[in-house]
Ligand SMILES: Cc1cc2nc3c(=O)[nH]c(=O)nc-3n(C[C@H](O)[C@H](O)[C@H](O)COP(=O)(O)OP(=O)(O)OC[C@H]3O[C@@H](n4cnc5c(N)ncnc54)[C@H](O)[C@@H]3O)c2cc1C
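Next up is one chain by itself, shown in C-alpha cells, the form predicted on its own.
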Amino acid sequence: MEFPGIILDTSTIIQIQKPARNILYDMLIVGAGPAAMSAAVYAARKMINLAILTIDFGGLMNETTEIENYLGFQNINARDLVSRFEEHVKSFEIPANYGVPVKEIKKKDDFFSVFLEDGTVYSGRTVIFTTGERHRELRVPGGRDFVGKGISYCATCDAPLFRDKKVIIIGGGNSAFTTALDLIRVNAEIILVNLMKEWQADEILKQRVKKYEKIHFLDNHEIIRIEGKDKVESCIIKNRDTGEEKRIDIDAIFIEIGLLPNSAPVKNLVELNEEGEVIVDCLCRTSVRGLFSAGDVTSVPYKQIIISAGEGAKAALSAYDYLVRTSLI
C-alpha cells in the first residue's frame, strides 16, 4: 500500500500534503504528541491505511527545554527528541492534515467522522484520540488581560524576552522549577510562588534550582491580582496563613499551575471522568467501540512522555486487532 508523501518539519513553513477527504481510512490519529507519533509508527508497520490530523507536531514537548528521564538519554533537548520522533514517523510517509484543530468526532454505524474547524471532514473505521492537554488558566483579575503582555505560559518561547528582568513563576511542581531553570539562563531575578505549603517538584530539580541566589521562594502564597497599564507592572500576593497582602513590582509572570485535557471534541461521544479525561481500559479502549485513546488526554495516571509513547503503541495495536476481529480490513 502506498501513501502520499509528507514532510513533517515544524522548524520551517512548509506545504504539507493533506490526506484525501473522499477516502475511508482504516485509522485516523488525532493529535501528534508522543502518543500519536508512537501510534503512527506501530500502525504504519501493520500496513494499514491511516492519516494524522493535528494542530502541530510534538504538542507540549515543544514548550519544554530539556528532558532528563526519557529512556536512552540522560539528558536531551526537547526539540531534538521531537525531531527524532518526527524523523521516525515521516520515514513511513504517512499523510497528515497539519494546522487545523479538530472540532468534533461523531460515529454513525461502524464509521467515524472527524470534523475540523475549517469544515473539512475525514472518515475512518477507527480513531485514536491523542490530543493531550492544555495549560490551566490563572483566573484572577488581570489574568487574561495581560496574556502576551507579560503573562506567559511558555518559558521556552518567551524567556529570552525577559533577560535581566524580575519575574514571578506561579506553581510548585516540575514545570515551575524547569521554567525557573529556563529563566535563570537569561539572568532573570525569579520569585517562585506556590499556593501550597512546601514544593511538589522532584528532589533533583529542587536541588538544582535552590542553588541559585537569584531564585527566591514563597510557598503558601497566592496571586490575587495582576496590575499594569499596557503590560504587567506589578501583582498583589497574599500570605495564606496570615492574610497579609503586598504588592511586588515585576516585569512578567510565568504560569505553571497544571494542565487540562483537550477532550472537547469527544465530550458528546465517549465517557469522561470528573477531570474531563477520556476513560480508557488497559487496551486503550474507550466506551465507544472502535475509538481508542492514549496519552495525557486519558485517565491513565502519571503524565510522562515515556508513558504516552507506550500507550500510543498499545492503542495502535489494539485498534489493529479490532479491525481484524471485526473484518473491517
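Numbers follow the displayed sequence, beginning with 1. The structure displayed is predicted, hence computed values, not measured ones.
There is another form of this protein, the form predicted in complex with this ligand, and it is not shown here; the text below is about that form.
In short, of 39-47, 284-292, 270-278, 25-33 it is 25-33 that has heavy atoms within 4.5 Å of this ligand in the predicted bound form. Among Val102, Ala201, Val232, Ile190, the residue placing a heavy atom within 4.5 Å of this ligand in the predicted bound form is Val102. Residue in contact with this ligand in the predicted bound form (any heavy atom within 4.5 Å), chosen from Gly150, Gly132, Gly172, Pro95: Gly132. At least one heavy atom of Met61 is located within 4.5 Å of this ligand in the predicted bound form. Although the partner is absent here, Ile67 sits close enough that one of its heavy atoms falls within 4.5 Å of this ligand in the predicted bound form. Residue contact with this ligand in the predicted bound form: Ser299 places no heavy atom within 4.5 Å of it. Contacts of stretch 256-284 with this ligand in the predicted bound form, defined by any heavy atom lying within 4.5 Å, are made by Asn262, Pro265, listed in sequence order.
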